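What follows is a pair of forms of the same protein chain, given separately as structure tokens and numbered structure 1 and structure 2.
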Structure 1
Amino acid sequence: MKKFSSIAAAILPLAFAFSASAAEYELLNVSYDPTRELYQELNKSFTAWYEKKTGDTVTISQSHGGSGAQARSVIDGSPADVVTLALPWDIENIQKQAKLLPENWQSLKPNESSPFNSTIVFLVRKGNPQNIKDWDDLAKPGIKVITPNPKTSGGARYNYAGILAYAKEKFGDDQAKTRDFVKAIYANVPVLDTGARGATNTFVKRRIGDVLIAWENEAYLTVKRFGADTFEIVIPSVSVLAKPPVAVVEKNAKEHGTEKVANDYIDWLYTDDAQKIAAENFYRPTSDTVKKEYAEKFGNIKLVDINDLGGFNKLQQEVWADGGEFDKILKEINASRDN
């Protein structure tokens, strides 16, 4: 016993000395569904980098789910230090409803607080039997298009915006033609899943549909997982530039004493190291040097900023909101289906 206490007496001051120089932090990153693999890799790199630089250890926990549901859980009190969601709209709601971050959150970090971008592409069956090349092929009669419901799926809103991006190129500001085009594509949708992973399941496992509209990174992951002999990726001429936003949940981080490390974490996502990991995971880097390095990996595609399509908030309120334009279009499709 005496021996034990003398050892303890020798170790204890040492332990205190050690803890005085190195802090231990815990971060909770609340994210959306398809980023699971991406953030696992990023977190590992960040932890190592941070310990080397400051001597502090960081443990990062992740939470994944539908982007809207994840935002909801933060509003309802999930102790997130950092949110990395699919849509600016979801973080905007955390700001508006729970006031957990400042109003100008989106201008606090570069590139509208979006460290890496993505876009929307097509996944078709091997050999592309329906010869699908661009968005207008999706509107042809008899083609079956798989995309989730934009009301329940954040990713599906970008799919919708992709249609708008092409319509803008083709029809300019002609609202009536744009609307008819959107309607023609959604009339070709036999299954309207609630989320992106459900839609992938419908296309891959149930073998329904000729084309799946998907996140670029999800499309590459699906081809990687199921093999290039079953699916092919088709890059349309135009698509939407998706900027999944990130933010420090200021109020939570202040309470946890993690404000500095949370900001370091977000800032680190913009470094070339992090950007390379993102590119390896099929997210489009925003850093110019990494962009050049991976230019060949990502196909040649004209990307339209969602702000040029009216902006996310406006589309959300006018098109995807309950009783909005999308609801009306579906009602008309249903009415014409019955006749």
Structure 2
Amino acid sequence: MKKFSSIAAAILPLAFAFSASAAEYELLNVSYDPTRELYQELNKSFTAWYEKKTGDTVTISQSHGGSGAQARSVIDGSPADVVTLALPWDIENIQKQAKLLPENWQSLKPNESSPFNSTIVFLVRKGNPQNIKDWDDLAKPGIKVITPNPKTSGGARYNYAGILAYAKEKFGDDQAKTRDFVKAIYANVPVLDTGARGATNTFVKRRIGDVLIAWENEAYLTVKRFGADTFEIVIPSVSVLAKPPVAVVEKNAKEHGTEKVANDYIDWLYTDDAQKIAAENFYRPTSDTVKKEYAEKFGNIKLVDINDLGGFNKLQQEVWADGGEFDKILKEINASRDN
């Protein structure tokens, strides 16, 4: 009995010290539209891993919406510890307008702060009744194309970039033909939702449109959820390489006392465990090991880097900014509909 008591006497202070040092953290991850399911799984796995490693508990809350609108919410005061948005421009806006993270944020993590890659594909109804095979088909008269608004949605900007990637292949540097091609496709868009998930709901639940231009993961998730007897995926000949970036909102995290756990969270997204979860949710892993393991899961497609199309900054200023090329195209389309 004395032996037991001596052992207990030795263990209890250690146990007390461990429990006393354990901490509880709350993180807010402000993300874009189609990542709900992905981060539900990632967060569950991370919090279990982190508690096992450190003894600390982490509760992660999520916010979702169009990427541009989500960036604006952080600029306007949303207390995000972490942002996981659709495109670098949105995080760059947070940096420039609110100074909540350092100028070199994109160089702080691997792969330009993008743990997973993606691209843009087409979702059509079973049997592909309109025989849609490539971007050309989206410009044909009578085809109803569903895509969100590139002024509010990061996914929509990638959709637009996908159109430009194909146009560059077909028309080279002929800007007039490229513009006519873009205009022909958007003339076929009956409704511009504010975010990618809203566009998916328009196509899937409201049954509007012949084809949805979608994130690859969103298209595969829709087929998985509703069945291959309802929808099909069409892989275009060329599309855009999407590298959705992540970042710690440094100023907020410091104020919340979460800077270390927020960085641990972002770093964990690059681990093989997280990469496998991403691949299972139809995001393209960047880990060489996991990439090889899931190579057959994704369609073979030629991917064009956004920088080969001028880069996001140039496209934002010239195409998607207020009064830019996209606004001019929409004005022309609306004028022709009114006549």
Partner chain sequence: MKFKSFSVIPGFGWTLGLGAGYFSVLVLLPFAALIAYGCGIRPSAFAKALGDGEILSALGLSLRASLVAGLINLVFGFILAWSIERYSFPGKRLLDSLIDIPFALPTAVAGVSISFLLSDDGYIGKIVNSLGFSLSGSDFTGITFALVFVGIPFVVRTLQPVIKRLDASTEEAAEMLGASPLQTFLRVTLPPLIPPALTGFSLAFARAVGEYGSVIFVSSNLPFKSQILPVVIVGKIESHNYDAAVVTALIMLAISAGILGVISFIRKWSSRNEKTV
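Between two forms, the rigid core is defined as the largest C-alpha subset superposing within 1.5 Å. The first residue in the sequence of structure 1 is number 1, and each one after it adds one. It should be emphasised that the depicted structure is a prediction, and the values quoted were computed from it without experimental measurement.
**Student:** Do you think the form predicted on its own is shown as structure 1, or as structure 2?
**Tutor:** Looking at both, the form predicted on its own is number 2.
**Student:** With both forms fitted on the core, check whether the Cα of N128 differs by 2 Å or more between the two structures.
**Tutor:** No, the C-alpha position differs by under 2 Å between the two structures.
**Student:** I want to check G311: does it shift between the two structures by 2 Å or more at the Cα, with the core superposed?
**Tutor:** G311 C-alpha, core-superposed: shift of less than 2 Å.
**Student:** Any chance the CA of V58 moves 2 angstroms or more between the two structures, core superposed?
**Tutor:** Result for V58: yes, a 2 Å-plus shift.
**Student:** With both forms put on the same core, how far apart in Å are the CA positions of P79 between the two structures?
**Tutor:** P79 C-alpha displacement between the two structures, core-aligned: 2.3 Å.
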